[in-house]
Every structure is written in structure tokens, then in C-alpha cells.
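Let's start with one chain on its own, the form predicted alone, as C-alpha cells.
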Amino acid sequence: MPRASKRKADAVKSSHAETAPKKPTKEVERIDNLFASYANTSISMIDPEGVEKLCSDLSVEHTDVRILMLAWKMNAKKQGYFTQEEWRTGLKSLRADTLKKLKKELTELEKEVANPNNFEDFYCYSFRYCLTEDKQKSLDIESVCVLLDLVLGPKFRLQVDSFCDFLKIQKEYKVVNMDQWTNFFRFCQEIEFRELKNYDACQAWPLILDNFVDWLREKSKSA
């Protein structure tokens, strides 16, 4: 058999070099090691039990809004679960390759989410993240009130408390969909509360918000 020319051999070596997977950086290795300390090896994901352990190590409750912010930063798709790729994405973005750094970056993450350019995206994400069933498009009233209190309550306490009071006593709606969810945020931003003088039902607000405003006005009359 004729010997392969040096040029051909070099070409083969070059081809192998191009297709060989890149070795993870030291930062990614540390991020992966941190992931492994919380992951369920049978599914290669961090599951709810792993999330609880993470929360304990971070000294935060699993219901703390910063854990939801962390899920947003990872763009996690399934509530209570983080894939390795999601974990890498989030922690690389935060430049947190140790638990100590991650704990510190949670404060910075709060500031990032508070930025108006990011908050609306986080607000919409929080609703999608809580849709746990296939093809689910709405959340029950109880879940909506808990989520509103967590995500929007600190910014618009009066509006959130009033809307949740309304949702709990009205009988027409059992669930809230994404359109209603996003429009309530717009309501909080645009409508003078409690006067409601600039609320115009002709502006194509969802009916649930028309009913909410009617309820508030009736309450105001009887007060």
C-alpha cells in the first residue's frame, strides 16, 4: 500500500483538530462542578429537591423572588428544574462559578430585573414559568394572586392587593390568561390609582379589567 503523503496526513490532522470538541474553560468546569453538587444524576438535571438544597445553601427561601429571577436568568423552561445548559447559561452570564459568588450576584440580579428594560420580560416569563402542564395557557386565581404578590406587589402594592381582592370574590373567572396578565401590568403603569380618571373601557382593555374598575368604582361610592 502506498504511503500517505505528508500533505494528506497534515490535512487529516487538521480535520481532526477542527472537529475535536473544545475543552471546557476552568470557569465552565467550576460551574459544572457546582451543578453536579445539586443535580439528580438519574435525570441529569437539578430537580425540586436540588433546588431546595441550593436555596438552603444560599440562605434564601424557595419562595424568594430571587430564585424566580435566577430561573429567568437561566431561561429555565420547566418549573423546579434546571438543565445543565440552563445552569451554564445563567451562571456564566452572572459570572458566578462558586456558591459564594452566586450568593453575592443575587443582589445584582435584583437590580438587573428592576431595570424597566428587563422587568416586563421577567414579568411575562414568571407567568410562562408557572404553566406546568402541556398546552396549559392559564393559571388559577389562587396561583395568580400568589405570583402577583411576589412579582408585582413590591412595585404596585395597592393595585395588586385590590385586584387580588376582586379576583377572590368575583365568580365569572376561574383562571387568568397571558393577555389578562400582561394587561394588568399595563394597567398598573398607565392608570391613575385610585382615581381611575384616565381608564377608558373603549381602549380595548380585557373585560376582566373593565369589571375590576366597575367594582372599584362601586366600592368607592359606597365608602
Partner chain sequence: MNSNHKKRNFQIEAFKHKVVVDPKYADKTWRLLEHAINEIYNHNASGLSFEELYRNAYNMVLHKFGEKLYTGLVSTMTRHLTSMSKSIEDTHGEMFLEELNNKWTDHNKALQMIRDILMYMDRTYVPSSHKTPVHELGLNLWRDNVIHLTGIQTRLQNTLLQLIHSERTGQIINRGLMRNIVKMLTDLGPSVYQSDLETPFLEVSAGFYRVESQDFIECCECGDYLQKAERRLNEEIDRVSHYLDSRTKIKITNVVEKEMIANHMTRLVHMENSGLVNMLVNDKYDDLKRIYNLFHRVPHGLDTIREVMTSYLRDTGKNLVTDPEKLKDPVEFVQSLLNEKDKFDKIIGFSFNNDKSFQNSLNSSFEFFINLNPRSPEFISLFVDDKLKKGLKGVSEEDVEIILDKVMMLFRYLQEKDLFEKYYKQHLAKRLLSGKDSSDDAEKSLVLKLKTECGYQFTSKLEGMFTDIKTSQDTVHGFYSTHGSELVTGPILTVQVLTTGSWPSQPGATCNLPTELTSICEKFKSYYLGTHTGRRLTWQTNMGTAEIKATFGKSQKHELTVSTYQMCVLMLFNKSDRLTYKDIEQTTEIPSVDLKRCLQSMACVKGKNVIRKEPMSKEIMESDVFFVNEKFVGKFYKVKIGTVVAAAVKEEPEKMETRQRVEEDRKPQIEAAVVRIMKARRVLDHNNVIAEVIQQLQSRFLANPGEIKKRIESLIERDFLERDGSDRKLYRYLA
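The model shown is predicted, which means the values in this text are computed figures rather than measured ones. Positions refer to the first chain, counted from 1.
Below, we turn to the form predicted in complex with the partner chain, even though it does not appear here.
Every member of the trio E172, N183 and P206 reaches the partner chain in the predicted bound form with some non-hydrogen atom inside 4.5 Å. Annotated contact segment (heavy atom within 4.5 Å of the partner chain in the predicted bound form): 130-138, selected among 70-78, 130-138, 101-109, 145-153. Although the partner is absent here, V213 sits far enough away that none of its heavy atoms falls within 4.5 Å of the partner chain in the predicted bound form. For the chain shown alone, S37 is not a contact residue for the partner chain in the predicted bound form, no non-hydrogen atom being within 4.5 angstroms.
Interface residue remark: D179 is counted as part of the site for the partner chain in the predicted bound form, having a heavy atom within 4.5 Å.
Taking the partner chain as positioned in the predicted bound form, the only residue of 106-124 that brings a heavy atom within 4.5 Å of it is E120.
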